[in-house]
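A lone chain, given as structure tokens: the form predicted alone.
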Amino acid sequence: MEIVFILEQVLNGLLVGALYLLIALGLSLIFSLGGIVNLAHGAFYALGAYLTVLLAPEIGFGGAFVVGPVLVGLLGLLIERFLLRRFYRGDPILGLLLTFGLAMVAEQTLRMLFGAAPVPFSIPPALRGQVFIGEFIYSRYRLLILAVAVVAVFGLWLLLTRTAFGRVVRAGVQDPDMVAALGISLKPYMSAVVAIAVGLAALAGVMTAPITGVHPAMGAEILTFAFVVVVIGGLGSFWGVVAAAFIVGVVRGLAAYFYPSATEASVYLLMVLVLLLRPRGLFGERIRKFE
């Protein structure tokens, strides 16, 4: 019976890791290509959750699942075009200050519009229920989240490795000067990368809304762990971030079972251990700044 409980915690950890992954991949992409550490990334996660609360009564959860990330992606496109683009060549601290300000504005706006108290949102009836495998019982909706996250990550990998768009993005990460010498402007590619990245964050928010509730500070809470995943995985490494997200999730899940009081501390201890042994992270690469 104890094995069943441990397996449940491992799956819970993988679920949390999958949510971290959707956010961390976007953070890594934006930094790798644009050289900006996006402290506002958690705000897009929260916005996706709040859009779910607003849209689900009108178009259903399935409609919100699709429309929410698309709307947030379009918002990210506008923010990149009119704000972030000004700071690609500037001092990195300016980008940090800008995105920090955006995060604060977004959180306070959500507080003014919806209040500081959590907004309840339940799992849609069609997705409720349990999966029974012998003595093992697990939520059907949580398994669906894991499946969607895997599909989203696989789709992003295909986009980056099997398309002309992805080849330019990867070349821009490795050697932006060479891409510019070939007469290719990275600006439209950067816009698309930001839209995809914030859309993935919003997707994570949509899926989280029914199981954790929705509140204004939820973006700031998850952003810290997403940064830990990026640091452990290594900047510029797609599979490094993927591996780190699931390792962090499993460590967190097992810590929640064996040492509940050390659940969050276990993640930071893991980060310290990885950085002591490999300062660049698990699969870190040297990243040249976007020019």
Partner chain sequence: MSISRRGLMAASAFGLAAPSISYGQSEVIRIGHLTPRTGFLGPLGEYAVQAATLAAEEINAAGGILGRRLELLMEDSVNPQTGSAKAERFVQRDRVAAIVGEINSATALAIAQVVNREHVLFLNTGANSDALRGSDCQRFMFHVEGQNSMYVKTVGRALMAGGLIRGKRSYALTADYAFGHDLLRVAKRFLAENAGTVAGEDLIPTDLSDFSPFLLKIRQARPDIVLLNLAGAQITNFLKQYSEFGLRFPVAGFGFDTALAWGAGQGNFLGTWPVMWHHQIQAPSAQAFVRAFTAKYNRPPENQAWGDYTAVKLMARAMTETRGTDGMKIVEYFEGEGRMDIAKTREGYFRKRDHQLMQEAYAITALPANEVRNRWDIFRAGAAVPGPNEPLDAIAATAEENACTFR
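Positions refer to the first chain, counted from 1. Just so you know, these numbers come straight off a predicted model, no measurement behind them. Take the two forms, find the largest set of C-alpha atoms that superpose within 1.5 Å, and that set is the rigid core.
Missing here is the form predicted together with its partner chain; even so, the following discussion is about that form.
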| Looking in the predicted complex, is its partner chain within 4.5 Å of a heavy atom from each of Arg111, Val119 and Ile123? | yes
| Heavy atom within 4.5 Å of its partner chain in the predicted complex: which of Pro210, Pro176, Gly95, Gly73? | Pro210
| task | Report yes if any heavy atom of Phe100 sits within 4.5 Å of a heavy atom of its partner chain in the predicted complex; otherwise report no. | result | no
| query | Wondering, does Phe246 line up within 4.5 Å of its partner chain in the predicted complex on heavy atoms? | reply | no
| query | Any chance Ile137 has a heavy atom within 4.5 Å of its partner chain in the predicted complex? | reply | yes
| Hey, in the predicted complex, does Arg128 get a heavy atom within 4.5 angstroms of its partner chain? | yes
| field | Heavy atom contact within 4.5 Å of its partner chain in the predicted complex, the stretch among 228-236, 261-269, 27-35, 59-67 | value | 261-269
| request: Classify Leu269 as shifted (yes) or not shifted (no) between this form and the one not shown, where shifted means its C-alpha moves by 2 Å or more with the rigid core superposed. | output: no
